[in-house]
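As a starting point, one isolated chain is supplied in structure tokens, in the form predicted on its own.
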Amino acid sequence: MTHKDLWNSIYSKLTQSLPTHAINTWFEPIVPIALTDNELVLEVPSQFFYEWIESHYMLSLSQTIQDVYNKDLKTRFIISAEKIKLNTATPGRHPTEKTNIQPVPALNKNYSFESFIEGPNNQFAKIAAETVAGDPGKNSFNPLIIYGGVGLGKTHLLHAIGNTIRLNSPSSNIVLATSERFTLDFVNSLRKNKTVEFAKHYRRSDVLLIDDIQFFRGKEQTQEQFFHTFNELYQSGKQIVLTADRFPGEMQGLQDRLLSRFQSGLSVDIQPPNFEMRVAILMDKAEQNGVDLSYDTIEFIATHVKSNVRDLEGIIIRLLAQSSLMNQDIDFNLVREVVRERIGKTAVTDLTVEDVVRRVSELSNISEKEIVGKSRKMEIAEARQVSMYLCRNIMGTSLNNIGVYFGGRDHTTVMHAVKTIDEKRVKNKRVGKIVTSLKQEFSFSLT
């Protein structure tokens, strides 16, 4: 029985025991990759996908495999972005025995410069990456080191460089590996007395792409091997691109001579996306995943999920999953629930008057100073009244305290502002939309 035949039988049996929406969402995208004596290898679209199957359907899947195959069979998942060439049986060797050097992960074709959303937080990094991809090894950007926090797009740019070079120069030998993969290959080569084979595998590359070099810290022998690999490639004019979680000069646990080599090239950072970037990313991810979200909902998510792109994408996928599995409409309550689950209660801080004024300022394009000042211009006065209304109705701040904050105004002025906005939000759609949006947003922060 081939891996495809086995999976077809498993899939068919699962359709008899699981709901249709579960089959369509979680099992239809699975691709069978290989079958050995004791292992079935399946490819899934993402890490989130794998984790969901493991936590919700692993028991059903294992039981179905047992029923269909009539023997113990392990299941191994690989992520499509990390698809690797799998071991096959050869004469005299057990089919699950690993070779010394495992083929490195394939480039993810979805990671391109065109699909990378550019903003002030990552513009320089993208330009540097495009420059290297256009003329690898021929400029002073060698090595190119892209650094920044988790989920900001470093790996995306690393793969985009590889994909562009492969498109422009199909014969180029591009070697992509994580630091863990490099270390594991080296350890295996020591165990099997094949360090020469290990060295050749990496040093014959035209372009070497290494992800997350911070994990070399504290691994002296691995660093020694990487140092010699780096030197040979650099002196041969080959391009080296690395990613890290921080500026190389700030890394502890790496040899000084390695740090010196790293700093001889160009280091570019990627910062967390600003509000506008987060909105753009959410709109793009929602469109890619076929999730219909209103602009107000997207703004709400972007306001609260600020850390990285991966979290923003995770919100979209979770909404899609929740809607599919629970047959729920994606409304504000569901979005709010998913956002709270994602960022955790500890990430939500108490709301202050300053927070209200700052957010009204952002929406109205009127400075905070003008909102709390004395100007009676219509648009400024309205922004001030909206702020007072929200402080009173959402936070329950006393009339006197609101008045003091807004330039020492009398409590009757605050009462008038609250009454005015209460009437306007019903009669004026623009004001109503602003007030409703901010009330939803601030209520989230207070619960």
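Sequential numbering from 1, following the sequence displayed. Computed from a predicted model, the values in this text were never measured in an experiment.
A second form of this protein, the form predicted in complex with adenosine-5'-diphosphate, is not displayed here; the remarks below concern that form.
Interface membership of R278, defined by any non-hydrogen atom within 4.5 Å of adenosine-5'-diphosphate in the model of the complex, is ruled out. The closest non-hydrogen atom of Q239 lies beyond 4.5 Å of adenosine-5'-diphosphate in the model of the complex. With a 4.5 Å cutoff on heavy atoms, V338 does not count as touching adenosine-5'-diphosphate in the model of the complex; it lies far away. Though the partner is left out of this view, V150 does reach within 4.5 Å of adenosine-5'-diphosphate in the model of the complex, counting heavy atoms only. Against adenosine-5'-diphosphate in the model of the complex, the set Y111, I117 and K285 is in full contact: each member has a heavy atom within 4.5 Å. Screening 249 to 257, 189 to 197, 173 to 181, 117 to 125 for residues having heavy atoms within 4.5 Å of adenosine-5'-diphosphate in the model of the complex returns a single hit, 117 to 125. A heavy atom within 4.5 Å of adenosine-5'-diphosphate in the model of the complex is found for one listed residue only; from V309, V356, L319, L208, this is V309. This chain appears without its partner; in the model of the complex, the one residue of E313, E370, E299, D269 with a heavy atom within 4.5 Å of adenosine-5'-diphosphate is E313.
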